[in-house]
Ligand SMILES: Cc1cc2nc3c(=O)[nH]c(=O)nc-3n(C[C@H](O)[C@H](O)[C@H](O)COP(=O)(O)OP(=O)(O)OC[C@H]3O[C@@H](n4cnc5c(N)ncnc54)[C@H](O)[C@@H]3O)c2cc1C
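Shown next as structure tokens: one chain only, the form predicted alone.
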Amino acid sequence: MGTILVVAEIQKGAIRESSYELVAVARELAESGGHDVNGLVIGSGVGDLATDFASKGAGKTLVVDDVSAANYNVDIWSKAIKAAAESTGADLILIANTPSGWDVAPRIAAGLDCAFVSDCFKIASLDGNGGNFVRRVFNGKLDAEVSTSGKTVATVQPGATAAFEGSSDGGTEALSTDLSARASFVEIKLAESTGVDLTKADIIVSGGRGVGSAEKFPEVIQPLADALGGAMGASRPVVDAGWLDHPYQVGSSGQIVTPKLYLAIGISGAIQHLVGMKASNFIVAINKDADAPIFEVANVGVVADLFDIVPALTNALKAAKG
């Protein structure tokens, strides 16, 4: 029996949804392989968050609670995670594939002299000798299964699985370690966030280059999203053109989403976009090009001018709601 260490990430005073997705991955592996699951929470004044994390699937959770860890610092996080891995004897260390995850995970692997696999969307198996990890390569055109030997550090795509919704008994335990760092933050200024966290949306209405202009998104795409009670998204060409900001982008270089309903409007279906949304539960595509690749993954395809279909659909939804 081994141990899986799940590293929580805190954003705006709360543990990120992606951390509970890591818990879901760890719990599934634990059930099939007989592993223990432990959590790690790093920050300042994070005792309550750690208790919550422990009770929502993370099991026994180690806590590094220090004023020097109030803001993300790669030196502090590296030392804390390495100490937690050594304390728990972790065979697998799971970190979300976020900007801080990209930064710290390779350092942990180097510090522990162990295997490192980045940007997984599935872990096929895990045993005492290593594991099998599935990740996309060549801009999502292929899935590669990577086998590791021994201890492994892995980052997992946010949105690759649903967040764990069960409970666990484990409690928390303070972890003491050297938190000295070579660098420190003088000041952090958070830019005002635009858009929404699409990974949490049950319904997403995305527009592509076929929408035609920035002005058409609030006129055509957003009203349909509002009528469905969903969120608006976009393909990369829309963001590259400056029509919408990056938080709206769905795809391999944007957000990986798994909503219950995904509407792709005026989106041709480049592989980079398909990577970000093809795991959606139900996909509806509207495009006037009958040969558009988006129809290969759609459950329902409508070959028509979006300006004929979308406003009519929006009006019908509004009428149905009274």
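Quick note: we count residues from 1 along the sequence shown, nothing fancier. Not measured: the values here are computed from a predicted model. If you superpose the two forms and keep the largest set of C-alpha atoms that fall within 1.5 Å, you have the rigid core.
The following text describes the form predicted together with the named molecule, which does not appear among the structures shown.
| request: Counting only non-hydrogen atoms, choose the one of 62-70, 44-52, 251-259, 29-37 that falls within 4.5 Å of the named molecule in the predicted complex. | output: Looking at the partner contacts, the answer comes out as 251-259.
| Taking heavy atoms only, is Pro237 within 4.5 angstroms of the named molecule in the predicted complex? | Within the cut-off, so yes.
| Distance check, Ser280 to the named molecule in the predicted complex, heavy atom within 4.5 Å | The answer is no: Ser280 has no heavy atom within 4.5 Å of the named molecule.
| field | Contact of Gly210 with the named molecule in the predicted complex (heavy atom, 4.5 Å) | value | Although the named molecule is absent here, Gly210 would touch it in the predicted complex, with heavy atoms inside 4.5 Å.
| message | Taking the named molecule as it sits in the predicted complex, is Asp289 in contact with it (heavy atom to heavy atom, 4.5 Å or less)? | response | Yes.
| request: Assess the spot marked by Trp102, Gln272 and Ala304: is the named molecule within 4.5 Å of a heavy atom from every one of these residues in the predicted complex? | output: Yes, the whole candidate spot contacts the named molecule.
| query | Heavy atom within 4.5 Å of the named molecule in the predicted complex: which residues of 46-68 qualify? | reply | Contacts from 46-68: none.
| query | Tyr262: CA shift of at least 2 Å between this form and the one not shown after core fit? | reply | Superposed on the core, Tyr262 moves its C-alpha 2 Å or more between this form and the one not shown.
| request: Establish whether a shift of 2 Å or more occurs at the C-alpha of Gly251 between this form and the one not shown, with the two forms superposed on the rigid core. | output: It does, since the Gly251 C-alpha is displaced 2 Å or more between this form and the one not shown after the core fit.
| field | Rigid-core frame, C-alpha of Val239, shift of 2 angstroms or more between this form and the one not shown | value | Superposed on the core, Val239 moves its C-alpha 2 Å or more between this form and the one not shown.
| How does the CA gap of Gln11 and His246 change in the predicted complex versus this form, closer or farther, if it moves 3 angstroms or more? | Farther, not closer.
| message | So the CA-CA distance for Val275 and Gln11 moves by at least 3 angstroms in the predicted complex. Closer or farther than here? | response | Compared with the shown chain, Val275-Gln11 is closer in the predicted complex.
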